[in-house]
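Below you'll find only one chain, the form predicted on its own, shown as structure tokens.
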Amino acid sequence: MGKTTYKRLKGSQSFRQRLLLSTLSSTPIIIDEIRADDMIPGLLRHEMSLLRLFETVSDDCVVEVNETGTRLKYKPGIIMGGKNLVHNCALTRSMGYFLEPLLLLGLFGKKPLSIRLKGVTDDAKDPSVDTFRNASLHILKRFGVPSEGLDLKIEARGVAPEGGGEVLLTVPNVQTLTAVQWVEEGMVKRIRGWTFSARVSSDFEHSMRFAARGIFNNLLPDVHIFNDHKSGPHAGKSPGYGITLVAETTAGCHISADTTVSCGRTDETGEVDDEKQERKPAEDTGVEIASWLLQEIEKGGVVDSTHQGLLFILCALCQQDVSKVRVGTLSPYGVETLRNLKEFLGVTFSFRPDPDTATVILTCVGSGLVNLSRKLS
């Protein structure tokens, strides 16, 4: 056996993507100076939790963290997948943080993945579990992922800070992903929404739905917003409510926007955030998220700005063929993803701005990633 060569990186930025791309490309990494100068140095709770999640779905991966948590040595193993897996997500981030890398890992596993995640299902920082179920999974299907075996069931809601939510994610395996030519945005034909409330009155949901519908009804006849009021053991441990909206277009695009209001949100140190105690009315939340969705539609592109990272990774992992996609304004997360893809997979994208629509068309040749572990089985 030859000596392992590690790719050396610095800092805490892009931690999640670096870990994911290191695993998919079988590139061992060493990350130094992780928040070395911060008041609380080293890896945060949700980053440690993410490392444990990678250990759960892989075999033979080696994780070494120094005492202060400022240096990580990571050697990826074989992505196994498997049934009846369980992972307790750190409560400092919602499941949206863990779901994006998990979806991609699951596709290239040895066996189909079925995993139960426990923790915070919805917060204001990461995409909600409703967004993953009703928008993200549709993006995967574009790249040849079969709908059979691709599902996300929300079994209990859990709002920050205490969580208590549960979802069951199932992901099928693929041999390779199919390159796409996806530049047609189409026109918005319908809007679907999902509100939820946990440990608070369902009046919050009615107010959000009424306010959001008030904006959309002037523009479109086909608007349905479903409610999901949870109580008892299915309502998690903290009170809160939220709304997710998805616009479906005639070309099969799903543009999403979501938010969650946590009644009793804590910050990183566990202190309740005083300033957030002053809550705006639920109607304002409904209006805000409806307006946000309209802004996302106006920006153009086949996905919203939250999903640019996922879209670019899928393009880069495709068979060695040309993929072409259209996006609106590039989000900071999208730009970061493009840099990481060049560093780990050697995939570069070419840009062509479309001045008529103020969108950008990106083209790349996929890295041709093949699911070797599936072949072995």
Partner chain sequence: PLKEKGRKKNLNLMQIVYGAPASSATALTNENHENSDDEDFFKPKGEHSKNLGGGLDAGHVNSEDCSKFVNYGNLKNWKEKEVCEDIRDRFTTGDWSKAALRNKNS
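Model, not experiment: these values are computed from the prediction. Numbering follows the first chain given and starts at 1.
Just so it is clear, the following notes concern the form predicted together with the partner chain, a form of the same protein that is not shown.
*Asks:* In the model of the complex, does every one of 87, 162 and 205 come within 4.5 Å of the partner chain, counting any heavy atom?
*Replies:* No.
*Asks:* Which pick from 153, 116, 224, 189 sits with a heavy atom within 4.5 Å of the partner chain in the model of the complex?
*Replies:* Looking at the other structure, the residue within range turns out to be 189.
*Asks:* Could you spot which one of 74, 194, 143, 97 gets a heavy atom to within 4.5 Å of the partner chain in the model of the complex?
*Replies:* In short, 97.
*Asks:* Evaluate residue 126 for contact with the partner chain in the model of the complex, applying a 4.5 angstroms cut-off between non-hydrogen atoms, and reply yes or no.
*Replies:* Taking the distances in the model of the complex, the answer for residue 126 is yes, it comes within 4.5 Å of the partner chain.
*Asks:* Taking heavy atoms only, is residue 168 within 4.5 angstroms of the partner chain in the model of the complex?
*Replies:* Close contact is absent here: in the model of the complex, residue 168 is far from the partner chain, nothing within 4.5 Å, heavy atoms only.
*Asks:* Can you check whether residue 335 is within 4.5 Å of the partner chain in the model of the complex, heavy atom basis?
*Replies:* Within the cut-off, so yes.
*Asks:* Would you classify residue 183 as touching the partner chain in the model of the complex, given a 4.5 Å non-hydrogen atom cut-off?
*Replies:* Yes.
*Asks:* Among the candidate stretches 105-113, 172-180, 232-240, 298-306, which one is within 4.5 Å of the partner chain in the model of the complex when only heavy atoms are counted?
*Replies:* Looking at the other structure, the answer is 298-306.
*Asks:* Let me know which residues along 340-360 have a heavy atom within 4.5 Å of the partner chain in the model of the complex, or say none if there are none.
*Replies:* Result: 342, 343, 347, 348, 349, 350, 351, 352, 353, 354, 355, 356, 357, 358, 359, 360.
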